[in-house]
Every structure is written in structure tokens, then in C-alpha cells.
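One chain comes next, on its own, written as C-alpha cells: the form predicted on its own.
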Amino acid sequence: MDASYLAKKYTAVRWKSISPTASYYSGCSAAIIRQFLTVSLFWALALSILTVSAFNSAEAATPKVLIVKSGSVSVYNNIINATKERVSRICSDTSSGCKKASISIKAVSINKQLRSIAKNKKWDLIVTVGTKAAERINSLKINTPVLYSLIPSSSYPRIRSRSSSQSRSAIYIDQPILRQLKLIKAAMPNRKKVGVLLGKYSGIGKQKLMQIIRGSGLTPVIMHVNRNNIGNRLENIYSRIDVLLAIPDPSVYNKHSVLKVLLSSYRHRVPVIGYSAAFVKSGAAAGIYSTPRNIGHHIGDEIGKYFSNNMRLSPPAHPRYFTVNTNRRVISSINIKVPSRKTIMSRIRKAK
């Protein structure tokens, strides 16, 4: 066979089996090739390390928040959605100094999983939504800072005393008494005698309450009640007051007693000031309360402030945001005059 033929044949095979990069190096000495490959490998490895380090640093710099909800009902989900929306909005403003947190959500129902999740030291802050979640987190003996939300102000001292965390605070579910009194003055300025029924879980003493009411320029009429004497007490108090202020206490206002309270108010033409949307819908003349969105926005404010304020929680507080509602059917039936919701809200905000 012709030698020139063989040379062409095997040369062609070699070029087909060698990559373009290798063909470039075929003209270089072995030492130069080795040196080039070593340097290339070094820089590739260095770049890889820097990329991983930068990613890890970014991960470490992102605050991590665990929100634990008491269940899966819509109220908890609505609060959490409003919280996330608020945090995103606050932290999108570069002047706020807020670091946008990574928020994870778990429910108390996952039990065993919650223990290992919540005790993970990666969390910078734990937020509980509802009393059940607060008590569950406390049972785990966690040192991570905790912000309790949607709990009654009367329950906070007990919940706080059972917490292992040295850094803790709360956003209450109930409105401050002073804000409720502002509603009365804004909606019914001519009604001065304010009745209050106190029970086992009212969370405020009679003397302190009387002082607050008198300080607002109103006259307090306060009675202690229990489930056995509430009927008689209602007849007694309604004859002496212009308006009944209901404050959260399951020993006073529950599914068995609320109907008695409202029916008696109709008979005596005395409006009731409620503390929830359901209370107003059931027959209270007016009410002041915080919606799930209101609560979520307050939680979001606190998360944003926490990560732009040297990781310090604000003192426990009543809800920052609130709404007013009225029951026009009830107002008409007891023949009283109440301004529009917009007017009432405006008066409350302007009141000192």
C-alpha cells in the first residue's frame, strides 16, 4: 500500500478524534500545556470557592423568621399573608434600613416536626399567632427571641412567665380601654354613664378601670358578675347607664350569655359597644377592633423594626391599627343617632 495513502488516512483519523482545544495545544510543548492547565485549574477552583462563599454570606445575612400559627383557619392565614406583604413593602424602601427577612410558616399541628424545626438555631426571630401557638413554643424551652401575637393582654403575664427566651414581646388582640372610650365619645357624645361588667378573666381591676373612665370625662358604673348572677346584674346595670362597654372576658361574654346581654339592651334602649366584628353583627350598636389585616400589618412593622433596630423588640402593645363598625339596624331599632363610620374614625384619630 502506498505510504502517502497511509499517512493521509491516519492523519485524518487523529484530527477527527481530537477536540479543537486539544488540536490547539498539539502545537505547544508539553511543559507549557501543563503550566497553562494548572493555572487554569487554580483560577477555576478559586472562582468556585469565592462564589460559594458569597452565596453563603448572602444566606447568612438574610434574617430568618419562623411564624408558628395556632391552626389552619382563614384568620391565621390572612394575618400571615398581611404580615409578609407588609415586610416586603417596608423593606423595599431602602431608607428604612430594613433587611428583608426570609419567612417560614409552620402550624402547631405538626407536633414532633415543630420541635426540631423551632429549636433550630438558624432562626433570628419566632412569631407566634394565637394563644395555642404561644403556649406550644413556650413548652419547647426555646431561647430564640419571640414575638407573641393575637393573645389577650390579660394572658400575657402568664405566657411571658413560662417563656425561656430572655427577649420577648407581644401584640395583643384586644383594644386599649382608652381607645374604646374614644369610640363612645366619638359615636355617642351625649351618653356619659358607661357600664362595664367584669368577670374572672377581665384582666383589669375595678379601681384602675374607674380611674381611666373618669379620666376620659365619663361616669363609670362597674359590676362584677359570674355565670350564675349575670341575668340579675344586667337588669340592675341597664337602669343606671347610657351605654354598655363590653370588654373581652369569656366568663362574661360567651355563646350562652351574649344573647341575654343584647336582648336586655334592646329592652332598655341602651347601646352595647362590642369588641369584635362578630359582636357587632350579632347586635352590638358599634364596635372597635382590629381585623386580621390590621394585626398582620402591625406584626410586619415589628419584624421590619426588629431587623433595623439592633435586634431589639418593642414593648408589648395593643394593636396599632384598628377599624370601627356600626350596626345600623340596631341603631335604628333603639332610636339613637350615630354618625358615619368615617366621621367616627376621624374623631377618634383627632382625640387626645
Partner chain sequence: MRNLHTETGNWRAILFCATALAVVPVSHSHATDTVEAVTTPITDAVDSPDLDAVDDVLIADTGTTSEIFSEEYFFSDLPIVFSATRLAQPVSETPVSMTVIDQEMIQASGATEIADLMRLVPGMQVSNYGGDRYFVTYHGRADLYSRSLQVLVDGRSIYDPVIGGVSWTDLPLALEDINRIEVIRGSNAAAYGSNSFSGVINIITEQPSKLQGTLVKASVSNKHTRQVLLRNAGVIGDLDYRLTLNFDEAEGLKTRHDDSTANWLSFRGDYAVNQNNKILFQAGYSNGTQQEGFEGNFWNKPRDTDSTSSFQQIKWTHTTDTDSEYSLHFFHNYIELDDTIIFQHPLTGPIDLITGFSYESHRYELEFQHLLNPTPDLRLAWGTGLRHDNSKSPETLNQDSAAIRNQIHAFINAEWKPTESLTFNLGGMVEKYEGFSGLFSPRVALNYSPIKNHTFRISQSRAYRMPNVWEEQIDMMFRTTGGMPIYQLHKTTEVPDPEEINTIELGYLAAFESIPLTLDVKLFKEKIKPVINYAWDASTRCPACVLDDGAGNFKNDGKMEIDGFEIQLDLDITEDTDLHVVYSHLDASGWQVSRYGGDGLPNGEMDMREAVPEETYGILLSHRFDNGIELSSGYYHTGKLIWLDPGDEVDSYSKWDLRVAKKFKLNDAEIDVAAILHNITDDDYQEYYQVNQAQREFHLQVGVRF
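Computed from a predicted structure; not experimentally measured. Positions refer to the first chain, counted from 1.
Keep in mind the form predicted together with the partner chain is missing from the figure; the text below concerns it.
Checking M210, I117, L140, V75 for any heavy atom within 4.5 Å of the partner chain in the predicted bound form turns up a single hit: V75. Though the partner is left out of this view, L313 does not reach within 4.5 Å of the partner chain in the predicted bound form, counting heavy atoms only. Contact check for P292: a non-hydrogen atom falls within 4.5 Å of the partner chain in the predicted bound form. Taking the partner from the other structure, the partner chain in the predicted bound form has a heavy atom within 4.5 Å of a heavy atom of N228. Under a 4.5 angstroms non-hydrogen atom cutoff, the partner chain in the predicted bound form has R320 among its neighbouring residues.
Residues of 156 to 187 that come within 4.5 Å of the partner chain in the predicted bound form, judged by any heavy atom, are P157, R158, Y172, I173, D174, P176, I177, L178, R179, K182 in sequence order.
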